[in-house]
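Quick setup: one chain, the form predicted alone, written in structure tokens, and binding and motion questions come after.
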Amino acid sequence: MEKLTIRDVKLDGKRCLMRVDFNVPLDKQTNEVTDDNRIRGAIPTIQYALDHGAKVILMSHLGRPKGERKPEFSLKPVADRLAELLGQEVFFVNNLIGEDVTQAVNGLQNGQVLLLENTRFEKGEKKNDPELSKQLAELGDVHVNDAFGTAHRAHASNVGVADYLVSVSGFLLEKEIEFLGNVVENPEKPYVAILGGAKVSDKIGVIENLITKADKLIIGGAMMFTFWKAKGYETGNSLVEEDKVDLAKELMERAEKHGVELILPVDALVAEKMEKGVQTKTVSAQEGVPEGMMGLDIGEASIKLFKDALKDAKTVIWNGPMGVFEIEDFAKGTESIAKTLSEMKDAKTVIGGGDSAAAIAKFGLKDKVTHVSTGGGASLEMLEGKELPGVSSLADKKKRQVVVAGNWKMNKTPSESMVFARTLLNHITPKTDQVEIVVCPTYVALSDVQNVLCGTTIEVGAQNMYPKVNGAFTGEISPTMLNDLKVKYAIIGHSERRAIFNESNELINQKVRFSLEHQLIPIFCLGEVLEERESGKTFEVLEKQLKEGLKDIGPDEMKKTIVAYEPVWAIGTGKVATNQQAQEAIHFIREELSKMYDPSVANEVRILYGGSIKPENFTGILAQKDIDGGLVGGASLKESFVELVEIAQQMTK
């Protein structure tokens, strides 16, 4: 999963709206934070934003106030502790939204921090209310999600905001995606999964997912007794899910079918009660748990069996304790697993949150494993192979080369064009070949601009061309003339050519084909007018323009073609399509290309957005999954074009 992180966005002078996990315990008497680990965990991301000149606005939940304002769940004590840890003042406002919040945000200076009140004081938070999401988004210029613990929940402050603001991961969330994502998608073999805890029902999804991926699956904890029952062993008073016994049988059969070694404990530590100091004894699986007793930990033989199973592992995921580790008498199995993993220096060892994370911390081994997840439910769902809302809502890194193309239209004289080309050359630093920079001056300035930019990282394009090599076509320019100037691109079918000069889809199709025949890369434009959008005909218009404009263009030629979606109502009007509108239309275009060709072709085609692009909105537009750059009008005539290029470079590095 290639997602944008806080490193990939410009922060200087920006309002950084950050979702963190400050759900920490408070002393009921003093109201002070009793465990600040989660606060400390968020500090690297917060400090990075501050060091890069951002105004940081923090959001978090605390406890379960159920949409009501309850003083005992206020984040004010957290603000005080955070101030101590950061060594600077942390402003606090006792609301999440409202006039006082807006004033507090507007009053922030670069490098200052503001913590908003508990997100769950608002009923709309857990409902992912669009109106609350929009109000929160208005407080920031970029959204940073660093709360993995809530990544499996679609709430307004972590997911809803991303509908209105580009969302990137902080360092904590980035680390979770990196380690848990790799374990799920691309684990180094041999891959061993250890699952414990109380109930099979809690881990069904994880087991089913791992049966197709892991080499060995170790089962411990109370859930082992449901498997014992499935094998016909006596389980006494142990916790058994009677309605899951048949499922346990089925899972064992499926593991065998997939060639996965499912390893069950061969003995158990049993007692009459789950209490400290009670008399215990170890029984084998064949003996079974005596009537009146219950299994509370794995036995010595099982510990050895599990250690042997882990010897050659290169990747290990552990989720769920082996016994009731909170009581010393029944902690040995869990502690043995923790120690074994801490000693596996050549393996990637990932602890899947929840009780496993608490256990490894209790035994002082947290720093001895590769990664300890901060999210119990979130890590469990990720191990099940589910897509987490708080992860899927993050902006994707660009898979295709990004294009930033400037259409100068009928602006700038040849001498002005030369001066501006030199200015761009002096200010644009080539940082990555993942960004193609194109400028399209007027015909009369093409030669001069090409002389300035020839051999540099900035390519030159024409604003139009006629589909003939030569002839009696007054005022037109041929592709061979552009070839002679070493022009690389040609804008075809721009809305102004369609509207002012009545260019038809048929003529545009001829131009696209002729461009490709003469080694010019066409930037094929299409889009709807306001009346068509308002009458719900956007997709109908786009489909017609695609099919008629790209008629007889083969798959290999299509891969070379750039498509530019430009909603005509947003060109030169100051209006801009929302991120969602732009993504929706461009996704539709890519889907149509998949039908016209096939998905492999459609996935290679670069599709740009065009329409009142500015530095203020380009990050959000470019963050959309299917958008590969911008066809820029007015902003390409000023030095703001340099800023657009920098944004693209930052988001592709």
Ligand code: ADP
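Keep in mind that what you see is a predicted model, and the values were worked out from it rather than measured. All residue numbers refer to positions in the sequence shown, first residue = 1. Rigid core: the largest C-alpha set superposing within 1.5 Å between the two forms.
FYI, the form predicted in complex with ligand ADP isn't displayed, but the following is about it.
Only one of the listed residues (324, 490, 310, 435) places a non-hydrogen atom within 4.5 angstroms of ligand ADP in the model of the complex, and that residue is 324. Taking 333, 295, 527, 406 one by one, only a single residue has any non-hydrogen atom within 4.5 Å of ligand ADP in the model of the complex, and it is 295. Heavy atoms of residue 152 never reach within 4.5 Å of ligand ADP in the model of the complex, leaving it off the interface.
In the model of the complex, none of the heavy atoms of residue 204 sits within 4.5 Å of a heavy atom of ligand ADP. Under a 4.5 angstroms non-hydrogen atom cutoff, ligand ADP in the model of the complex lacks residue 542 among its neighbouring residues.
The shortest heavy atom separation between residue 169 and ligand ADP in the model of the complex exceeds 4.5 Å.
Contact annotation: ligand ADP lies within 4.5 Å of heavy atoms from the stretch 191-199 in the model of the complex, the single such stretch among 542-550, 191-199, 393-401, 107-115. Scanning 274-291 for heavy atoms within 4.5 Å of ligand ADP in the model of the complex gives just one residue, 274. After superposing the rigid core, the C-alpha of residue 270 moves by 2 Å or more between the shown form and the other one. Once the rigid core is overlaid between the shown form and the other one, residue 85 does not reach a Cα shift of 2 Å, moving by less than that. If you fit the rigid core between the shown form and the other one, you'll see the Cα of residue 138 move by less than 2 angstroms.
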